[in-house]
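We begin with a single chain expressed as structure tokens, specifically the form predicted on its own.
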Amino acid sequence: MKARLEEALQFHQSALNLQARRQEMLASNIANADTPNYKARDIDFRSALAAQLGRPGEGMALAQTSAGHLPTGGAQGFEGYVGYRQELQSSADGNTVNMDVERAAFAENALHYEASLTFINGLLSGMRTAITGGQ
């Protein structure tokens, strides 16, 4: 029973972790909109989620970027799926943040995050009903 519950929640857990990380990255882009030479970054969400689901049982891992960092258990995180946005319009200071793009991506990601929470609540509610027999 526990394994089935974990299996059912694996997709949503992975999606929530990725969406939370993407939201932080988009917020960082917005916060640095006026920072000279700042390069906007984003996650290839589809590829990162597929990679996470291809490795069941592993949560989001940290990237070990220095030999001085503690070991992360050998699991590769999603940092390999982070890239820089294509510049739509050049700016004089080298900043690649486009506020319209960042705001739209931030709102879209927040909507997906909220939808994932709603799906999880529905799944747990259904399981609770199945366990208690609807009482």
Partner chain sequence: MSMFDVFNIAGSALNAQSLRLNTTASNLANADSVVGEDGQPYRAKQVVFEAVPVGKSEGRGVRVTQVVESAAPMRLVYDPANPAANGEGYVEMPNVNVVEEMVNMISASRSYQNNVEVMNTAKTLLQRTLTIGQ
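Numbering follows the first chain given and starts at 1. Small disclaimer: the values here were computed from a predicted structure and weren't measured.
Although not depicted, the form predicted in complex with its partner chain is the subject of the following passage.
- The candidate spot formed by 27, 41 and 128 is fully in contact with its partner chain in the model of the complex: every one of the three has a heavy atom within 4.5 Å.
- Contact with its partner chain in the model of the complex, defined as a heavy atom within 4.5 Å, holds for exactly one of 88, 53, 31, 104, namely 31.
- Its partner chain is not shown here, but in the model of the complex it comes within 4.5 Å of a heavy atom of residue 23.
- In the model of the complex, its partner chain lies within 4.5 Å of some heavy atom of residue 113.
- Although the partner is absent here, residue 36 is a contact residue: one of its heavy atoms lies within 4.5 angstroms of its partner chain in the model of the complex.
- Taking a 4.5 Å heavy atom cutoff to its partner chain in the model of the complex, the contacting residues in 121-135 are 121, 124, 128.
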